[in-house]
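Quick setup: the structure tokens below cover two forms of a single protein chain, split into structure 1 and structure 2.
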Structure 1
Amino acid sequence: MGSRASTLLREEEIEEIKKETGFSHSQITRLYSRFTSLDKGENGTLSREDFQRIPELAINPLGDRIINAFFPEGEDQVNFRGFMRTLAHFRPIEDNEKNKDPTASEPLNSRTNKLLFAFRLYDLDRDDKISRDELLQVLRMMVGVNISDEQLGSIADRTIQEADQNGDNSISFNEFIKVLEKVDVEQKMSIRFLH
């Protein structure tokens, strides 16, 4: 079964995915093997149910939000390329990537794209801002019943008060970036994929 992954993925597809995501050839073939093992329908795509069988996502309070990030609006299946594009946000930034050609498009694993990915986990209605209600929903997912609604409300109010610079009682992406400017996003939003 181990050779199945490399035989179904054409060399030119691997090269295109390498360019688009920055993953190495061996990382792509290993992740393709993982993708096919998750693909219970054996149709070359993953469903939300396929993702829910991943133990780490099943126990993660934001698991559903992370799973949703793999699916374009209105889609209920993701192919290998889409799977890789989403995973690329979590690829560590290598030293040789930090001073790349400034005219090239920003890599999926750049600080800005990592922050945009995180922002979208909070922006539940996709209106490009995080409201108090959205922040409360995500906080509730993360802490469960360990904190009272009153305490959560206080945390949400304080967070918005500190982040909101234009007085609209919500957090825009630029305000989100500003609040997290001193956070080591590279360390917190990277998965060390084996080479």
Structure 2
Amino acid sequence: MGSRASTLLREEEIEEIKKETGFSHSQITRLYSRFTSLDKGENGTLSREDFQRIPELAINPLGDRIINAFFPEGEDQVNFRGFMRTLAHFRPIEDNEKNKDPTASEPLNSRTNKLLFAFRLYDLDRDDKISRDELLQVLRMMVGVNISDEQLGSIADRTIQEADQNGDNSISFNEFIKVLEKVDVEQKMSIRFLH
């Protein structure tokens, strides 16, 4: 436990991760082998450079933000627990989970938590609002360099105007949820992890 490096995954760790994230045993082992293959320094944690070594991530417009999402506040290394905790957001929602335990906290892959994860990728300064500038940054990343600032600005304005309901000129988390209520988030934000 803690930050001690361990190259082999112990059973009790697997059990804990299973309880926390809901992954199955085989999925955890498989992802662990992926984790170790990324971990070139072999110290049981991943750094930002390890992520950047993934070729497809380099050409992904949101690559940097995705990498940052794995690392908790202010830290530069992520261990396997943290790795799994982030990936747990993308587990498909299962029907039987809804009935299990009403008193326990929401599982990491619930619809709200998925949307919260996406929201946090927009909202870098963590003020629970997507401001116009933050939206502009994301748009600029997705659209490339050929589009003028003015055009992007008008797109951003229109986006905020459509979503904003309380008139504060930014998108809060509830407004974000409302805008995406027609989108099938359960399908869009899930990856079918092979067993």
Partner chain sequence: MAELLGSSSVRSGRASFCLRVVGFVLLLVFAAAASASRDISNGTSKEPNPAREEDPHHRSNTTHHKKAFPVLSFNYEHVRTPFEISLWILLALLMKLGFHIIPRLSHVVPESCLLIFVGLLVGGIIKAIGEKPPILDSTLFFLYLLPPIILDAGYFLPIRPFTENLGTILVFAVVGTLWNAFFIGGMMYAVCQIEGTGLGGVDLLSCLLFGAIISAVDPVAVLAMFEEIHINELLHILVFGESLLNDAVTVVLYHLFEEFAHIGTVTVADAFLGVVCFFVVSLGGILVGAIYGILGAFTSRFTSHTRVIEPLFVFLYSYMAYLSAEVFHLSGIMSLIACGVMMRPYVEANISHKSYTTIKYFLKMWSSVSETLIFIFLGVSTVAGPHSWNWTFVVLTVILCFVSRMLGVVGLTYIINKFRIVKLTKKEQFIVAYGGLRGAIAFSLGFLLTNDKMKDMFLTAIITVIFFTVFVQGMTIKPLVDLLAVKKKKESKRSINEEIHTQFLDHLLTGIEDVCGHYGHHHWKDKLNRFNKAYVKKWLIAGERSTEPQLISFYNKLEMKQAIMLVESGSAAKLPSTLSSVSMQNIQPRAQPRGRIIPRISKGREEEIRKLLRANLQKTRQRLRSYSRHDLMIDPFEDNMSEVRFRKQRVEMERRMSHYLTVPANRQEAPPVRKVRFESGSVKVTVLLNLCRCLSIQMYNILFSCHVSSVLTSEAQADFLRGKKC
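What we label the rigid core is the largest C-alpha set whose atoms superpose within 1.5 Å from one form to the other. Because the structure is a prediction, the values reported are computed rather than measured. Structure 1's sequence is the ruler for residue numbers, which start at 1.
Given structures 1 and 2, which represents the form predicted alone?
-> Structure 1 is the one predicted alone.
Return yes or no for Q161: a CA shift of at least 2 Å between the two structures, with the rigid core superposed?
-> False for Q161: its C-alpha shift is below 2 Å.
Answer yes if the CA of M141 moves 2 Å or more between the two structures after aligning the rigid core, and no otherwise.
-> Comparing forms between the two structures, the M141 CA shifts below 2 Å.
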